[in-house]
Every structure is written in C-alpha cells, then in structure tokens.
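We begin with a single chain expressed as structure tokens, specifically the form predicted on its own.
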C-alpha cells in the first residue's frame, strides 16, 4: 500500500500532526488517512505490539445506534447482539457491537477498515414515511464525536493502572468486557479485544474510545504512561500482523 500525505484527504485524525512528527507513514483506507507504520520495519513494530504499543484508529469507520428498538432493528439486519450490557459482541466480519446500555450500541469496524457493515446499516436505516413509526432507534455520528485508539501488548494492563482506576488485568477483565470509566481524568470507553494469531497465540489488546476534541490530550497521556514500559506508537499493519 503506497503512502500518502494526510492533508491530501478530507478525513484524517485530530492527532495526525503528532503522529507525523513521530515518523508515521499514512495510507488511504476507506477514504481516510490511516497511520500504517512508523518506518522501523514490520518485525520491530510487531514486537512492539506484543510488548506495549499504541495505535490511532480514529479514521476507521465507527458509528452508534441508540433508542428504543435499536437492538431489535440491528438484529433484524443480521447482527449478533447478546443480552448483556457492557459487553462487546464480535460480528462475522470482525466488527464489534459494543452494548453500552440496553438500548445503545457502539459499532466499530474490523481492522480491515472496509466499513462494509457500517455502510450497509447506514443505507438500510431510515425514518418511516408516516406515523406510527416503528421502534428502531436512530444512528449517532460517533465518527465525529469519538477518537479511537488501540493499546496492545503484554504490559497494557500495567500501563492502564497508572491512569485508570479499573482493574484491566486479563484475569479480571474478560475478553469483550467494556468499562465506561475515567481515564487520565476524562471519560473513556475501554473494550478488551485481544488479537489471536493463526498459531493460536493470544495478544492482549484494548480499544479506547473518548471525546475526539480531547484526542491529543489523551494520546499524550497514554504515551507518557507507556514510556515506563518502552511503549511506542505503531501503525495499523502491526496490529494486523498480530493475527498472522
């Protein structure tokens, strides 16, 4: 995949300048400028992702649905969503349907970033032409409201302990678990979403979703907390390589 200048695309992360200063090389995915790597070589970045690494996925598709009838409508569209809140349900294409409340879903794309499922749902949802309208919830523009980072690696729980009061150790915070909590003194959503390689190796990974206007602040806090464990930024390719 060829690299591009982020300013050549309309969709780019709020922190793209910080990432570029760290050496990020960007590629176009689904119309947005996504950091692919940081020039250190794929094996180096893969090793970092297994130890402790941060990645910015904010440009990849993510969306919300909420309101009465939301889960029923999404289920009718082919999604698999269980009954428990504060749990993320993996979809057939690798997307995650994070159930934040009985009538609220935060849907994030797979690391392929195609946006196929989110695009299909966006095309399918519409208001009924006349009353009484069915209970089907309504979409919310999470792409515009929430930054999306991933923290991966063995030392992720120890790093989180410096800036978050929730115990995110893997024996206490199960795969698919969601914490709606405070991180670095701001509200955040944390989802455990480990990456499993073809060799069966399970690599710890967590999605972090937070107010997009504070993306630069939160990224700086995460990088500062990661420094003790030699954490570093990596691109999307390193996260994809965790599943090879």
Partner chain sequence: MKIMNCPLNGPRNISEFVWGGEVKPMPDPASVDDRTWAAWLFLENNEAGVVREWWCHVPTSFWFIAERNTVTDEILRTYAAGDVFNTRVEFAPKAAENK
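Computed from a predicted model, the values in this text were never measured in an experiment. Numbering follows the first chain given and starts at 1.
There is another form of the same protein, the form predicted in complex with the partner chain; it is not shown, and what comes next is about it.
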(message) Taking any heavy atom pair closer than or equal to 4.5 Å as contact, tell me whether residue 81 reaches the partner chain in the predicted complex.
(response) no
(request) Classify residue 46 as contacting or not contacting the partner chain in the predicted complex by the rule of any non-hydrogen atom within 4.5 angstroms, answering yes or no. (result) no
(message) At 4.5 Å between heavy atoms, is residue 122 in contact with the partner chain in the predicted complex?
(response) no
(request) Check whether residue 86 has any heavy atom within 4.5 Å of a heavy atom of the partner chain in the predicted complex, and answer yes or no. (result) yes
(message) Looking at 193, 179, 40, 215 here, can you tell me which has any non-hydrogen atom within 4.5 angstroms of the partner chain in the predicted complex?
(response) 179
(request) Using heavy atoms only and a 4.5 Å cut-off, determine which of 71, 118, 96, 166 is in contact with the partner chain in the predicted complex. (result) 166
(message) Within 4.5 angstroms, counting heavy atoms, which one of the listed stretches 181-189, 199-207, 48-56, 26-34 is next to the partner chain in the predicted complex?
(response) 181-189
